[in-house]
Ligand SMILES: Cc1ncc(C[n+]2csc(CCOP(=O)(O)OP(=O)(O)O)c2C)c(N)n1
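Shown here is one chain on its own, the form predicted on its own, set out as structure tokens.
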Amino acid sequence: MFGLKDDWAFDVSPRYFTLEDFDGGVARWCPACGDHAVLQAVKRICRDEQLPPEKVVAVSGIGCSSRFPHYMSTYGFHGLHGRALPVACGVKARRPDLTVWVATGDGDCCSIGAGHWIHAIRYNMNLVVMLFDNAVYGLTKNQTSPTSPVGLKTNTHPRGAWLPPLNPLSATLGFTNVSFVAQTVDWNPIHLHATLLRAYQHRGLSFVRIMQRCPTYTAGLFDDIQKKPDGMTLLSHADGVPIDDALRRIIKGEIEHDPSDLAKARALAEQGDPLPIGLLYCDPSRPCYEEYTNAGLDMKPEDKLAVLERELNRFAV
């Protein structure tokens, strides 16, 4: 090699990713919208875990929260209303090497997307599903959503919502093959980050309900929870969301909860005051459908053609 030693080689520095490497477009959510906090938490996890941006995909449906992929400098898919989960499952089915974050809202997931919600939980593919729950349709300007509380006045119910709200936690815990259900709030960045990190580390579909403030249409919805010292209760366990001293100084209430106890998780899901935050349920032994859909990914093109020819020859006359 022109006089160079045989053991000569380039000394290539490893890539190191900063928060800026995950910055996409400038977030256009309203000031004080809880979506900003969720976006920053996900970026921090991607940075801390040193996930290559080209190995991350953000998928969404339609709604304020579903602008999420535009603000991540990663691969992204802004889908149709209610269709975030089938798109995300399709990505994971053939690209198991990618980290997939799903941003969906209480309307996008729990109304038009409810059928996909049920089956995505059953498939239990390795995704982090973030349900941004502000109890209203915000992007289309203040209509009642499935999680709107009774009495909430909106453009579709100016005298107040009539029906009791759907509980996303209770519903998810009733779906077949559920493997991870957690709850957190956007106004506590410590717990929000810890919960999403725990969800990212789980094998299977992690469903995280995020109580999310909408300063435009449901500004005072969570005032009681925020202002009362005992408005929230931390769920603590060795297998749950980690709790540090800083978090305990902010939230005084705490109960020990084993996330493998499905019956207790369902009881906690119905509790509203104080609001339980943390890991309600976790079962990493649940089967993941991607282990089936990923079959054959290592096949060579000629092997795939041979199998196709063999199948077609069965119908030859």
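Numbering starts at 1 and follows the sequence shown. Everything numeric here is computed off the predicted structure, so don't read it as measured data.
The following text describes the form predicted together with the ligand, which does not appear among the structures shown.
- Note that among 105-113, 230-238, 167-175, 198-206, the stretch whose heavy atoms approach the ligand to within 4.5 Å in the model of the complex is 105-113.
- The candidate spot formed by 64, 81 and 138 is fully in contact with the ligand in the model of the complex: every one of the three has a heavy atom within 4.5 Å.
- Contact check for residue 184: no non-hydrogen atom falls within 4.5 Å of the ligand in the model of the complex.
- Within this chain, residue 134 lines the site of the ligand in the model of the complex, having a heavy atom no more than 4.5 Å away.
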